[in-house]
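Single chain ahead, written as structure tokens, the form predicted alone.
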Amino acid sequence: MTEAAQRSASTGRAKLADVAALAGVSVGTASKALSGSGRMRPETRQRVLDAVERLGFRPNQHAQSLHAGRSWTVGLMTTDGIGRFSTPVLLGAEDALGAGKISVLLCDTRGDTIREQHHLRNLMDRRVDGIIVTGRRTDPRPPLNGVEDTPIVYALSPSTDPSDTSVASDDRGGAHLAIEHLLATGRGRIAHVTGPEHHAAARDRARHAVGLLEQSDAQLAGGRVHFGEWSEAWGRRAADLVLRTAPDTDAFFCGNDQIARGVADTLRERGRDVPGEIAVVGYDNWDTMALASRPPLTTIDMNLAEIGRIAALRLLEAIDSEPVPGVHTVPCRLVVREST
């Protein structure tokens, strides 16, 4: 080891020149090995990495940013202050971005357009490389304004502009998984209880569920979809309504797990065996609801973490000037538990 490298190692202040000297390469080659650019033998790159570890070298991120014209930071803007939906999306995005040593700045707009613009100005001032926008609903949202040439990807809540890049859950596939599972267990009179009709998630899941029932030998119990609220209280009231108007109902497909838990509560109170007499399927795979229900709920998992991961990968492509516009859907999965 050179005298300079020994001194750097002892003080914890190793320089790139020390790394290059220890690895037996030029400073330029060491720089390319650390940035991943340029062609070189794998063993040469490994010698540089071994020297970095041995010396405890830490690159000057500011200098790297200036050289590459990047900040190595990405903004994640959410309207979901509670974090029920945005937290899994964020974790999935961080898994993908962290592999590239990219930091994530989380901004909660709380659904307020003024607050959104405030956060957006801050992100622009920080010269973030890109932004992921997410929320607590699947309804399409207007695109961000004032982003100049900054790459944007919309996760869970797609942009209304088809030229933008969006990553969304496959509600059609999710509804089909639920109905097909109930049909496979021999159910033929299936009620659908869901949230407010003005929410895209409620409308879309209902439309796809009814469409599949119409193609099968099964019936929509009561002859209509029961729109209401995303709550256990609504699930309890709706279950009573369905049992009065369609007492031969043998299954409930619910728009979310809260509704499904309320339905299960009412069925238990009325002495109806779940799943012996009536099966119940929820949506979201929210552990707090699904596992606490009696019995635990069969439900549809939206793969929120995967939505975040795919959104991050699409953003990295856009940062590299290879955007893929349009809405990209992520498949849901069926999680079977005791309620069916």
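Residue numbers run from 1 along the displayed sequence. Computed from a predicted model, the values in this text were never measured in an experiment.
Below, we refer to the form predicted in complex with a further copy of the same chain, which is not included among the displayed structures.
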property: 134, 157 and 250 all contacting a further copy of the same chain in the predicted bound form, non-hydrogen atom within 4.5 Å; result: no
property: In the predicted bound form, the residue from 183, 147, 241, 107 that sits within 4.5 Å of a further copy of the same chain by heavy atoms; result: 107
property: Touches a further copy of the same chain in the predicted bound form: residue 101 (any heavy atom, 4.5 Å); result: yes
property: a further copy of the same chain contact at residue 224 in the predicted bound form, heavy atom, 4.5 Å; result: no
property: Partner contact for residue 294 in the predicted bound form: a further copy of the same chain, 4.5 angstroms, heavy atom; result: yes
property: Residue 91, heavy atom within 4.5 angstroms of a further copy of the same chain in the predicted bound form; result: yes
property: Listed range touching a further copy of the same chain, judged in the predicted bound form by heavy atoms within 4.5 Å, from 311-319, 284-292, 42-50, 25-33; result: 284-292
property: Contact set, 105-126 vs a further copy of the same chain in the predicted bound form - heavy atom within 4.5 angstroms; result: 105, 106, 107, 108, 110, 115, 118, 119, 122, 125, 126
